[in-house]
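Two forms, one protein chain; structure tokens for each follow separately as structure 1 and structure 2.
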Structure 1
Amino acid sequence: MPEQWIKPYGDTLNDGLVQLSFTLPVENGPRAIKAARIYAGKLNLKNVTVACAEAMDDAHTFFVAYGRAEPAIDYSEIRAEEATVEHMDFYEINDRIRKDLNRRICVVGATIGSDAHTVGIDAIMNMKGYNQDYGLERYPEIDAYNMGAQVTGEDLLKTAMDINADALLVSQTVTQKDAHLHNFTELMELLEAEQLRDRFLVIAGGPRITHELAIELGYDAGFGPGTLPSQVAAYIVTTLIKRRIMLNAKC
């Protein structure tokens, strides 16, 4: 593949113009604005302009700055993994379940740990779904159980066993101090300790989740922002079908 050097694009191609926002623990004013401009310069940005400076309180100021970045990267060398998802709509997914699995499938979802945010798991699970795409509760061939937020790994696992779930959907929105990594890892360790890792299809989701990170943490797949419910449903269904075919082949 030929080299493809790229850099940020603002007003004209390859001008390197970028926008960044950050907070400094200083009182707002001319001195704080100058500090923000100097700091952005130390990030190797050129021609820095502080476009916004707003006091968060007496000792913290939020800034929006612009500058020109010098580095370029060779896009031809970039590789990224993503979950393989067959494009199917609501009706096709239900049809595949009926024809290829010959049974309803069961999915349980939750926001785990101390995270009280349900926006992610609700977008995938709730009947209304997200972006005009039906949630899993709407699918007649899927039994969907949304446990909500602040669910412990033990409670999630118990529910999954009680309802004979095929897949666990685990969401994390809070990422301060890498809390999401801790919670995802803790759940995976619990599954492995109970020798139940291979019992379920386990999927991670959240604003800082990528498929690569999810695989690294031991999950089957990872989905980030903007994921549609039908994409998750299609992944679950096609993966369960593949596993069934493999199991039948071994028999």
Structure 2
Amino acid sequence: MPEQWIKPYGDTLNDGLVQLSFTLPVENGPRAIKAARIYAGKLNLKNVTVACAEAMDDAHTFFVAYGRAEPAIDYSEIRAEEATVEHMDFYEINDRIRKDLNRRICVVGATIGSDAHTVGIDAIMNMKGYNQDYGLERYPEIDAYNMGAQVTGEDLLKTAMDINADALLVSQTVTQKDAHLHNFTELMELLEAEQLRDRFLVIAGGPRITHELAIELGYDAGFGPGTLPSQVAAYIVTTLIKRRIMLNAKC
């Protein structure tokens, strides 16, 4: 196999070994175990071993199985999108705002819809920040308004207009039944209907958010687990600077 082609690594390179656990809605017994093995085989795993089969009740069995996966993929062809963020610290960011934008930046953040989770958006916005990285409220050159949770799209937009925000920071944690997709989409539709889409940088974030997903939903960027406030600030600043340069070029 050429070097850029890859497979799961268990004990030796390219053995393709994977571990999976699942439940079948049947009573435990030899037949259930066989069913589990055949099922794993249908997933295209070879040399399947059902290592564990335990009855969870009289009609459900839990399995742990191992098998060798066949397919290999060409790693050189894989591309993953990430929001392009220049690494800058707190001081550099404030400096760039002062020098290159020559005005303060204003951002507004909220968790929208019925989602009540605020810890994520707070981690980005509150003074204290996240993992020893100051939150946006701490930045002297940024005015940050955190509206908290359960905010409607309309209220977020109204506040954004009132304070003349540069960027909207939108958080979603609950993903069951695609609640987050629904809420993100609704907000985007509202922005478009009000013809305000281009007026703001619109940034999505949350534990199940990727940059790719955010772009798909029409947002400018997306940030997932472990995001630091400085990454978000750096993204906002550099994007605003870029946009200004583009705008000037147009005139």
Partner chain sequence: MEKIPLNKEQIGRVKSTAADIAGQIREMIRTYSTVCVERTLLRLYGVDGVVDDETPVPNRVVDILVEENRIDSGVTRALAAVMIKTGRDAKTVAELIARRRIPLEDPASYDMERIMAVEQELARKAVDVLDHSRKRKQAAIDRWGLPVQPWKYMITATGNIYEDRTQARSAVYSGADIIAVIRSTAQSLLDYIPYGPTTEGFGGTYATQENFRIMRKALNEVSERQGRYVRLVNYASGLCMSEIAACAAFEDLDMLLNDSMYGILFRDINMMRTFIDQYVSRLICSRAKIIINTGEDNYLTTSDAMENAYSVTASQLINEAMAKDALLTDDLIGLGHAFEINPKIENAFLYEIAHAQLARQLFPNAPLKYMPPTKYKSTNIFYSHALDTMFNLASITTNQGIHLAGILTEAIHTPLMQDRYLSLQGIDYVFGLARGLGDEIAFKPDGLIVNRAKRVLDETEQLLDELKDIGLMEGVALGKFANIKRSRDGGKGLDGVFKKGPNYSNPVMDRIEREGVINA
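What you see is a predicted model, and the numbers here were worked out from it, not measured in a lab. Between two forms, the rigid core is the largest collection of C-alphas that superpose within 1.5 Å. Numbers given to residues start at 1 and step along the sequence of structure 1.
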{"query": "Of structures 1 and 2, the one that is the form predicted alone", "finding": "1"}
{"query": "Rigid core fit then residue 75 CA moved by 2 Å or more between structure 1 and structure 2", "finding": "yes"}
{"query": "Per-residue C-alpha change between structure 1 and structure 2, residue 18, threshold 2 Å, rigid core fit", "finding": "yes"}
{"query": "Core-aligned C-alpha movement of residue 224 between structure 1 and structure 2 reaching 2 Å", "finding": "no"}
{"query": "After superposing on the core, C-alpha shift for residue 7 between structure 1 and structure 2 in angstrom", "finding": "4.7"}
